[in-house]
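One chain comes next, on its own, written as structure tokens: the form predicted alone.
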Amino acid sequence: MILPLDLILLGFALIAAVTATWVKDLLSAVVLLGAFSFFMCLIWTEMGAVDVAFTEAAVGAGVSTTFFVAAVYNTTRRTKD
């Protein structure tokens, strides 16, 4: 384990997660959650858990993000903010 790399990846993951909760746009939140999943995938890989990292990449960053983007595009806004 490379501690500085772990801390950098953890910082990016925390920034992505916190920013995803603060943004008002749903598509931006979905993209940030996909980035969070990607950073978690990198953290798992660096820790040596390649099977968990592969599952995180396939399900978390891949399939879930695709489904969320499709759901956002199929919704409509009621009000014009």
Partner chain sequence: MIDTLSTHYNYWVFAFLLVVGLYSMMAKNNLMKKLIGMNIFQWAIILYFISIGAKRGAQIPIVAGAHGQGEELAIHAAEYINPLPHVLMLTAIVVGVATTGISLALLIAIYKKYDTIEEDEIIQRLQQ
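Positions refer to the first chain, counted from 1. Note that the structure is a prediction, hence the values are computed from the model and not measured.
Below, we refer to the form predicted together with the partner chain, which is not included among the displayed structures.
> Hey, in the model of the complex, is residue 42 touching the partner chain, heavy atoms inside 4.5 Å?
Replying inline: Residue 42 lies outside the contact set for the partner chain.
>> I'd like to know whether residue 30 contacts the partner chain in the model of the complex, with contact meaning heavy atoms within 4.5 angstroms.
In response: Flag for residue 30 set to yes.
> Listed by sequence position, which residues of 28 to 58 have a non-hydrogen atom within 4.5 angstroms of the partner chain in the model of the complex?
Replying inline: Sequence-ordered list: 29, 30, 33, 36, 37, 40, 43, 44, 47, 48, 49, 50, 51, 52, 55, 56.
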